[in-house]
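Next comes just one chain, in structure tokens: the form predicted on its own.
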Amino acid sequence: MSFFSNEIIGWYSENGRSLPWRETKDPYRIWLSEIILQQTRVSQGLPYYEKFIKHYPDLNGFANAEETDILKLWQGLGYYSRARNMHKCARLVQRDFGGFFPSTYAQLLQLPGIGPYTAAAIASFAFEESVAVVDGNVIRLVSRYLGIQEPVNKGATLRSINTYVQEEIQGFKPDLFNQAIMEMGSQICTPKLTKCDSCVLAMNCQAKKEGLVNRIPFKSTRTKVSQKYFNYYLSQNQDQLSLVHRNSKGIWQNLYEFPMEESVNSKVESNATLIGTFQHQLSHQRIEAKLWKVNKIPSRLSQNKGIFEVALGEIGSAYPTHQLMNKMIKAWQEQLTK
């Protein structure tokens, strides 16, 4: 029996956190939790999971919802394409599988928004298929344990990690093994302040032996980040504000915001008042946004037929917005109270 597998499972049996998606075999709830927790900490994702389960306790309810309602519940999590893909996936499962998730890794992998990690999680947790999950926590743990000094964003490195974990899962309950290895990476073998003194694998960990814990894992290149400059315009008519619906492709697709133009040096009307300048960081973009209070939307933008008026209280509730938009609204409201 493997030292690695035995130790992490033994540790998890005594130290694993009690989380609602670990107490179910319902593939819908497991799928929901896995998508929410992508790019999201458990402490942040848990309230969203509970909120979605309250509104949509089963897949058919989720599939029958309007996309706008899904996006409203999703507000604050970012990466809105996840929510849109979830809705597409739910409707496809409802249409093609009678409202029940397929039970194999290979079939799950064909669904929109479900990649190798999520497919493995559903297949192992809900259906106990012996397929290993490999997320960032697992990559970090295995890289350090084996002392891998190759970039983890190289295909060959990832394949070797996948092969190792897939070999280790054999002979164990796949749901238990996968929860254990992810929990160990999340709680002990963390990116910073690694708890090596509490790690049951420390005696055999190559990175620990060689003093490389703070250098493993690493990537060969960083994602190129582009700089963007946006000018937003806030036009108020009594208790009504002008909004536009972003229906173009992108991370904020189908969300709502103030009329905007992208430019470094946009010509701003003389009667415009600067409410504030906002910095917003995305994975691939760095945005500097200025919010201007104007009497009316500039004529070059007002020709856009997508502009419409809504009551302030409806913004964010009836009309879901992104985080940058929320920052601007908050700043404007704080100015009004001064």
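All residue numbers are counted from 1 along the displayed sequence. Not measured: the values here are computed from a predicted model.
There is another form of the same protein, the form predicted in complex with the DNA; it is not shown, and what comes next is about it.
Contact at H55, F258 and A331 by the DNA in the predicted complex, all three, heavy atom at most 4.5 Å: Checked in the predicted complex: no contact with the DNA for any of the three.
Contact assignment for the DNA in the predicted complex, among L37, L59, I70, L301, heavy atom within 4.5 Å: Contact residue from the list: L37.
Heavy atom within 4.5 Å of the DNA in the predicted complex - the one residue of G171, G155, G98, G211 that qualifies: The residue in contact is G155.
Heavy atom of D135 within 4.5 Å of the DNA in the predicted complex: Yes - in the predicted complex, heavy atoms of D135 and the DNA come within 4.5 Å of each other.
In the predicted complex, Y319 touching the DNA (heavy atom, 4.5 Å): Result no; Y319 lies far from the DNA in the predicted complex.
Close approach of W21 to the DNA in the predicted complex, 4.5 Å, heavy atom: So W21 counts as contacting the DNA.
Contact of C196 with the DNA in the predicted complex (heavy atom, 4.5 Å): C196: no contact with the DNA in the predicted complex.
Stretch from 184 to 192, 160 to 168, 203 to 211, 230 to 238 whose residues place a heavy atom within 4.5 Å of the DNA in the predicted complex: So the stretch in question is 184 to 192.
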